Every structure is written in C-alpha cells, then in structure tokens.
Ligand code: FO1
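Just one chain is shown here, as structure tokens, and it is the form predicted alone.
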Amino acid sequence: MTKQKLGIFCGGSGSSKFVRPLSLYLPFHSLEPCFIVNVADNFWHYGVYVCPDVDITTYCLSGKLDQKTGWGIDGDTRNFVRNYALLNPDEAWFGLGDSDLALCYRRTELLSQGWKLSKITEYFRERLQIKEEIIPASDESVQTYILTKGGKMHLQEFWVKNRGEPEVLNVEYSGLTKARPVPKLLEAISSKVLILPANPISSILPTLNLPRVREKLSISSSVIAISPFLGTNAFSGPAAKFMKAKKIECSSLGVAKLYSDFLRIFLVHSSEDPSVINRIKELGVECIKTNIIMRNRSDQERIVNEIANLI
C-alpha cells in the first residue's frame, strides 16, 4: 500500500517526546512522517555552526538522544567544553558534547564547501541510517533574538546562558523576511500536517511565517496541532514568557488563535478548562480532549493511533 506523507512541524525538546513514537507507529497507518524542523535557533559557537532543533530531531530518530535532558547524545562526554572553560570561561556556557561537536564540526566543513543546510542534513540522515525525512525549514539564516531589560540577546543566550530568567520585552526574527522555505517543506505540507507541541513563538512561528507556508497550510486537507499548554502553563520552556511579550494569551486558546487561519483540529489535554475548549470551537476549529502526556510505550502508541485516526 502506498504511504501518504505527513508533514510534521517540530522544534526542540518540546517536540522530541513525540518524534520517536511517530516514526515507530505512523507507518502502520500507511503514513510516512516527514519532520520539518525549526532553524531559527541555529547559531555559531565554538567556531562551529550549531543547529539545536535539527540535531535533537536527528538524534531522536537515530535512537541516540539523551532522554533525560531531551537534547544531545546519550552518554556523550564533555571533555571539549570542560577544557575550553579553562581557556575561555565566559564563553563555555553552551554544553555541547564531544560527539555532538563532531557532527557540528562536519556541518561547518560542508558549509564552507558550499553545501546547503538541507543537503547536509540529508547527508547526516543517510550516514546515521535514518529512514524518515528531516527537513530544515530554510537554507537561509534566521535568528531569534530576545529583547530584555538587560539588552538584546540570541535565543540560546537567553535560554541557556541566562537560564530563561530575564524579563522578556519582545521577540524578534532576524533574516525571516528574506528567507525562503526549502522546496521539500512545501511538498511535505501539501496534504496532511501535524504541528507538535513546541514553543509557538520560537519553535513554530519562524517556520509558519516563511513565504507561502501559511497559504499552503490553508488549502491542506488536514492540519492537526497539539497544544503545548495546560491551563496557563506551558509543558516546557519559556513559551508563556514569549507569548506574554507578544501580547498573546498564554493558553491553548492563544495558540489556537495563532494557527486559526489554517488549523482544522486542535488536541488539548483532557483536564483543559471546558470554557477554553468552547472558545477554541468558536474559532471554527474542532477541539478534542485527550491525554497528551506520554509516560510509557502504551501512551505513545495510543496517542499516535489517535492522531492517525483523526488524519
């Protein structure tokens, strides 16, 4: 039976819990997952080009992801960073593992040879024997910057170096107006789409706001999203801080409004407030309650089956 492509929007650790189960169980429903990954948190550090969300997805699909941290390679050593800190302690704040560094170093080599990020990611996918497509949203540089009372800083500086503590005044995207989606992205969202629970402002919007993406989604036959919120609390990360800075309601309703021009079905957690669900339905979006927290393999299989049946 011919498998139908399912374009899956994902970010970093917020999405990683879903990536592996989707890759395992979607094929049983004749669906071929294509993971479309945020590139707006990519940055240069230690002299190499680091792509945190792309690499999290890559390690997840290859079975190498450190499940405790939600990023990096399981069992990786930190010899480079530890020794670098002796020489330049102010810049040793990003915890890149040694094996992780090797991949970033190879990426940097290939970039210097004129390779595009999408081609490099495909090369890594083949080298790591990953079956599923991994599609960086754009080959152009898009950078997310956080405006705080202490000044403007890159997303990674805000979240890793400063532990997400500064008060957020605004979130800006550098390079987004000039960036273009890779062709495979537009192909992957031509029919059926899933948006995983990730930070809407820093992990999903940079991809959605690339040229033609929202337009393409609006004519897709099925677009499902999973809420990253329970009540006014995000499941992980600084999503609430960023949404507040953007004057967007910090809730599933706020996320539904961001996606309302193309969203067909929105999955929220089973304990979500009924009034929020009713207001989402008023947007013309079907809202379904389910348990979106996965604690074991049974939960993983259950939610993937639910998603596949809705599609």
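The numbering used is simple: start at 1 and walk along the sequence shown. Keep in mind that this is a model prediction, so the values were computed, not measured.
Beyond what is shown, the protein has a form predicted together with the named molecule; the following relates to that form.
Does Gln143 reach the named molecule in the model of the complex, with heavy atoms at most 4.5 Å apart?
Although the named molecule is absent here, Gln143 would stay clear of it in the model of the complex, with no heavy atoms inside 4.5 Å.
Val160 near the named molecule in the model of the complex, any heavy atom under 4.5 Å?
Although the named molecule is absent here, Val160 would touch it in the model of the complex, with heavy atoms inside 4.5 Å.
If we define contact as a non-hydrogen atom of the residue within 4.5 angstroms of the partner, is Ser23 a contact of the named molecule in the model of the complex?
Close contact is absent here: in the model of the complex, Ser23 is far from the named molecule, nothing within 4.5 Å, heavy atoms only.
Verify the contact flag for Ser203: yes if a non-hydrogen atom of it lies within 4.5 Å of a non-hydrogen atom of the named molecule in the model of the complex, no if not.
Residue-level check for Ser203: yes, a contact with the named molecule.
169-177, 89-97, 213-221, 143-151: which one contacts the named molecule in the model of the complex at 4.5 Å, heavy atom to heavy atom?
Of the options, only 89-97 has residues within 4.5 Å of the partner.
Could you check which residue among Phe124, Phe235, Trp71, Tyr84 gets a heavy atom within 4.5 Å of the named molecule in the model of the complex?
Checking each option against the named molecule in the model of the complex, the one that comes within 4.5 Å is Trp71.
For the stretch 17-42, return the residues whose heavy atoms include at least one within 4.5 Å of the named molecule in the model of the complex, in the order they occur.
Residue within 4.5 Å: Asp41 only.
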